[in-house]
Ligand code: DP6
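The data below hold one chain only, encoded as structure tokens and taken in the form predicted alone.
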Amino acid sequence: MEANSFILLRNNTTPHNGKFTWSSPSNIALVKYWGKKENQIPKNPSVSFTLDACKTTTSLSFAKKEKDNSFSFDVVFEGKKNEDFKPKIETFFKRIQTYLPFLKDYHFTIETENTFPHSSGIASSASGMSALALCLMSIEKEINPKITQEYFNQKASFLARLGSGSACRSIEGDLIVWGKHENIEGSSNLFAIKYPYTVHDNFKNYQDTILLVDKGEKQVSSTVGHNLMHNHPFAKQRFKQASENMTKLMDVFKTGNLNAFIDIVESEALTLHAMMLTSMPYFILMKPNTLEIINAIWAFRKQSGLHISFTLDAGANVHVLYPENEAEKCIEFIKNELVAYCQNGHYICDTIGFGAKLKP
């Protein structure tokens, strides 16, 4: 599939007005994407669990406007008009205009809200941009009702990627691959796909408790961090490592080897932050309590024999991962030992989800 395949031709009548609402989840990468080429193309493949409770709900209202040559939209975030998001959305519209030529025909009102704190390392751009892309695809579906569900999902993922790279992994679930990998049939740099091979029952309904160590905005945005990989001294080896870890995970998903899963996923998390520590300029997104939680998880895993592990996104918060059949003991440990390290004691119990949903 080439990018040109996603261009909507102006052959059909466009609706005069309407409204669509989508709820789209965040996702947590197991193999991390860090570093990108032009047009939001990843430097390495990644694989993620789609989440369930951590999501963005976006309503897109649209009405035909007088013909002019500009984008016209308002953004309402959690009930209040928000100008801060407008530059990012305008950039997004510019990137996708070729593929959705009706964008300048409408005035849009974008109403959006999260179930989790914005810009705190729970991939709010992933859920937000994927929800917006899905709303726009619902307009395309009105224009061209013949498009298949497969095409709808692929193009939604393709568009979401142009807003935020990881957003392309939030359209479907539960295990999603983004980035061309020689051993994964159908994998693409342009959009994400459902992992196409056997997955052991150990990884079905996997649990993710997110410990909100710091709910404030990150000191360094993910966009800046990705750009710092261009001249990073360890970038080439990192991209090779990620691809190799994808191959290793294929065997892990098939066999259900939880110990090997933990080794790969925790190493990936720490490598992501090692790239930040060794970029120029260098930066640290982890907080002291992030490290306290990691050490506590290691100690508890050794003492209990449970398959509890962690991963990190580009932020201070910790995703605590564990299989469903060990949930009771892991949650007890989290409540007794780890919640004390969270800002205001806040945490979110989540589980693996199955993608975005159109709201009535």
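Start at 1 with the first residue shown and count on from there. This structure is a prediction, so every number in the text was calculated from the model and none was measured.
Quick note: we don't show the form predicted in complex with this ligand, though the next part is all about it.
Determine which one of 287 to 295, 331 to 339, 308 to 316, 61 to 69 lies within 4.5 Å of this ligand in the predicted complex, judging by heavy atom distances; exactly one does.
Among the listed stretches, the partner-contacting one is 308 to 316.
Consider residue 157 of the chain shown here, and say whether it contacts this ligand in the predicted complex, taking contact as heavy atoms within 4.5 Å.
Contact with this ligand, no.
Can you check whether residue 43 is within 4.5 Å of this ligand in the predicted complex, heavy atom basis?
The answer is no: residue 43 has no heavy atom within 4.5 Å of this ligand.
Give a yes or no for residue 32: in the predicted complex, does one of its heavy atoms lie within 4.5 Å of a heavy atom belonging to this ligand?
Flag for residue 32 set to yes.
Classify residue 149 as contacting or not contacting this ligand in the predicted complex by the rule of any non-hydrogen atom within 4.5 angstroms, answering yes or no.
Although this ligand is absent here, residue 149 would stay clear of it in the predicted complex, with no heavy atoms inside 4.5 Å.
To verify the annotation, which of these, 223, 144, 91, 231, has a non-hydrogen atom within 4.5 Å of this ligand in the predicted complex?
Spelling it out, the residue with a heavy atom inside the cut-off is 223.
Could you tell me which one of 258, 249, 110, 272 places a heavy atom within 4.5 Å of this ligand in the predicted complex?
Selected residue: 272.
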